[in-house]
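The chain below stands alone and is given as structure tokens, in the form predicted alone.
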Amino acid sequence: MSAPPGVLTVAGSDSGGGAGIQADLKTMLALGVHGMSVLTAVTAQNSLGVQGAWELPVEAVRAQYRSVVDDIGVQAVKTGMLSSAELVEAVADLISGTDAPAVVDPVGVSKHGDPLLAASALDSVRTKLLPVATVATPNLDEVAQLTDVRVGSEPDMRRAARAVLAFGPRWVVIKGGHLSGDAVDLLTDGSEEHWLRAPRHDNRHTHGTGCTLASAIASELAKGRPVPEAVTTAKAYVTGAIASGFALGEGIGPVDHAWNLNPPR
């Protein structure tokens, strides 16, 4: 039997299983691709927040990446938590030498507000990582970190998109989930625009949303879908996962990565 498309996630571990590498691999399985991983950091993390984080050495990250790409190959790459400038630059260099689309989720803080990216690494994200991205997927807090553009309404999202595109990604998804009203995202390459709207579900259990969306986009790109179709399909998957998010622990629970595989609870 032929293997399904392969997607490589380069991200940190979430010991609680809701975000990071764990969310990425669950998403990839649910969407029918073969998930592979490069671990960049280990976190002690649960529904209440991040209690600790330990970055892996750059040489360990590089070795994992080369091991997978040189033998198995990849049809798409997704990046998540890259906490230092050295790590950002190493991963950007690896992606630039890989003939596959790359989805960059410029993770800055956790769902609970815990910092996951050193301030000193921001410039490396701007100048090294975003230029190699096929699609960048910042949320509004990450937009403000990277560009100083503050988004308070939908019209501001165009300005935010222009500011992020100026760093070099081919496409950007400005995620408007923190605005009021419908959950609206703006996908653009600077010439065409796609406004992606979904009803906002009254569910606080949304841990892992950003990781899940980026991994879903990468999964669809690996299948050969064009960017607008990949992002639209990924948005629908994430909307369903949010609707089915469940309580876990004492804090914010995860989205349900298997909502499309399991009967309704």
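We number the residues from 1 along the sequence you see. The structure displayed is predicted, hence computed values, not measured ones.
The next section is about a form of this same protein that is not shown, the form predicted together with a small molecule.
Answer option from 64, 233, 206, 47, heavy atom within 4.5 Å of the small molecule in the predicted complex: If I apply the 4.5 Å criterion carefully, the residue I get is 206.
Sole residue of 57, 32, 224, 199 within 4.5 Å of the small molecule in the predicted complex, by heavy atom: Of 57, 32, 224, 199, the residue with a heavy atom within 4.5 Å of the small molecule in the predicted complex is 199.
Interface segment, criterion being heavy atoms within 4.5 Å of the small molecule in the predicted complex, picked from 69-77, 178-186, 125-133, 96-104: Looking at the partner contacts, the answer comes out as 178-186.
210, 213 and 238 all contacting the small molecule in the predicted complex, non-hydrogen atom within 4.5 Å: Every listed residue reaches the small molecule in the predicted complex, so yes.
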